[in-house]
Structure formats: C-alpha cells, structure tokens
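Okay, so here's just one chain, in structure tokens, the form predicted on its own.
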C-alpha cells in the first residue's frame, strides 16, 4: 500500500517536485518555511482529499497559480495503483486508476493516512469530538458496514434535533431509527476499541512512558440503561434543552491517571508519547483486521520531545511495517539507509540525500 512515487505541482511553495519514497521510513530535513509541512499536506490530500492545515483547499494553491496537482503511484505487487487529486476554482478532480471519484470516502479506503503534528496533544487535551473522529476513522477502515450505520444515525439525529428546536412534539418518532443504527454503531466501536486498547498499552511499554495510565470508552450514555430507555425517558429534558443529550454522538475515549484527567497531570512530552502510542496501536489493529497498511505522517518530530524520546520514537517507527514520513529541522537527526531514505527540502524542491 506504500507510495513508490509522489509528484506535487503548484501546492503552496512546492512548484514542481517528484520523488521516490522508501516503503518504510522517510526522514525529511529542511529549514522552517522550506516546504516540509507542505510535502506532508500533499500526501495527506492523496488519502483524505482535504488538508489538515486549512479547511479551504483553494488556499493550498500556490500564489500566482490557478490549481495544484498531487499524484501518487503505489505498487501493489500484482498491479499498480495511481491516485491523482487536483484542485482549482472549479473544484476538486479526484481519480483512482484514471477513474473519476466523487466520494472522498473512496480515497480514505484506498489509503489510510494519519498525521501527528505538534498540535496532536489536542486529542487528549481538547473536547470529545476530536477523539470520537479518531475512533470513527479506525472503525471505518476495519468494519465495512460502519459507514452505513453511522450515516443512518446522524441523519436521524439531525431530524430529531430539528424537531426539538421547532418544538413540534414529533422528536420521539425518530427514537426507533436512532436505537437501531446507534446500537450497531456502539457495538462496532466498542469491539474496535477493545483491540486498540490492548495494543495501546503494549506501545506505551515499548516507548517506556512509565505512567499508570488508564484508557476507557464512554459510549455516550450510561451502561446501566439501554439507548431506547435514555431516549424515551429523556425526551422531556431533550425538549427543554432542544437537542438530543445522549447517544453515540456523545461517545468519548477517556485518558486518566489515578482517576484524574491525564491532561491535568501529564507533561506535554508524556502526552505526545501517548499520542504516538495511540496512533501506532491504531495502525497495528487496522493492519491485523483490515489487512491495510497505514501511511503515517509526523510533522516536526522534535517538538516537545527531548533527544532521548526522539530516539525511542525513531526506533519504534523503524519497526513499523507502515510507510512513514517524518519532517524535522534538526540536521543532526538521521536514520540508517537500511531502514529508509532521507530527503532535503529547500526552496520548494525535494532532493534525496546520500544518492
């Protein structure tokens, strides 16, 4: 599933670049503003059809240009696969093996891509929605039916909330659909979470985090009640608040130390190591259950990590069976040629080092 060739044109300060990454570890050096993060953004677009830096893809078009194009080629041993994404004022043009794609979920299924940035501690520090999206991203890749049940649930939830806001007293008619689709969502999420949790603690040990960390899944309502009960019995409170207060849309992953929130007691470095452990765990589970390898992007590896922990991360990354791209401005950071390749980005150009 790894990319053999990546071509970028007109994306931010990357005018016309082409490089052949390693199937394993790829370390990208460059000064601040050289285009390192833009390179990761281009790869991310190949797997998500959107940017992690900006909600508007048009903002990624290089100044003075009318469009950008990102192209990736993957060698699947028996066949080659190509992905192309271009964007202009006319919108996006996405193609897989030359065929036009209209749903971005098809891109995501073709290439699971995740990114760790200096802001990734927000997974632990911020509200539940970011953790819920992370969980759903994993379930989406290992459970083919999950997208169907999730779409059903959120359509019904939208209708129920509209009825609650309009005070039409018709909100309860959506309870049956919410229970049918939401219960299945919860089941698939929880099955996946059990696997991720087991692998997460293994990864914490590998990274020598040394914390008595707890990880739990909150499904969005009390375990002592069924979803049918909380929706039926809570309708008066929902009508008063004018939104649906309980259900899978309120699910969360909880990180705690001695029953206290991790973000209040853990250091920034510890939280970043925990985030790496979580992403490594997800990649392992997706590989085991869906037989897919994840492309992992790491922006500014050295941010908030000391040299000892950077070395541990590099060592653990080298054991991963996934394709990995790491950016750094630390010109002392290196990897062995036996485990990967090193690249340099300067003035918007990408060149391989040691060739």
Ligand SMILES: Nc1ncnc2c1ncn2[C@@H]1O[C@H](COP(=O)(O)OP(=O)(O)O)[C@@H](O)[C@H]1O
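Every value quoted in this text rests on a predicted model; they were computed, and no experiment measured them. Numbering follows the first chain given and starts at 1.
Separately, the form predicted together with the ligand exists; it is not shown, and the next lines address it.
request  = Would you mind picking the one in 60, 317, 303, 310 that has a heavy atom within 4.5 Å of the ligand in the predicted bound form?
outcome  = Going through each option in turn, the one that passes is 60.
message = Only one of these stretches, 43-51, 282-290, 24-32, 317-325, has heavy atoms within 4.5 Å of the ligand in the predicted bound form; which one is it?
response = Of the stretches listed, the one contacting the partner is 24-32.
inquiry  = Just checking whether residue 334 would be counted as a contact of the ligand in the predicted bound form - the rule being heavy atoms within 4.5 angstroms.
reply    = Contact check for residue 334: no, nothing within 4.5 Å of the ligand in the predicted bound form.
request  = Would you check, heavy atoms only and a 4.5 Å threshold, whether residue 69 touches the ligand in the predicted bound form?
outcome  = Although the ligand is absent here, residue 69 would stay clear of it in the predicted bound form, with no heavy atoms inside 4.5 Å.
ask   = Does residue 294 reach the ligand in the predicted bound form if we count a contact as any heavy atom within 4.5 Å?
value = Residue 294 lies outside the contact set for the ligand.
Residues within stretch 6-21 having a non-hydrogen atom within 4.5 Å of the ligand in the predicted bound form = Result: 12, 13.
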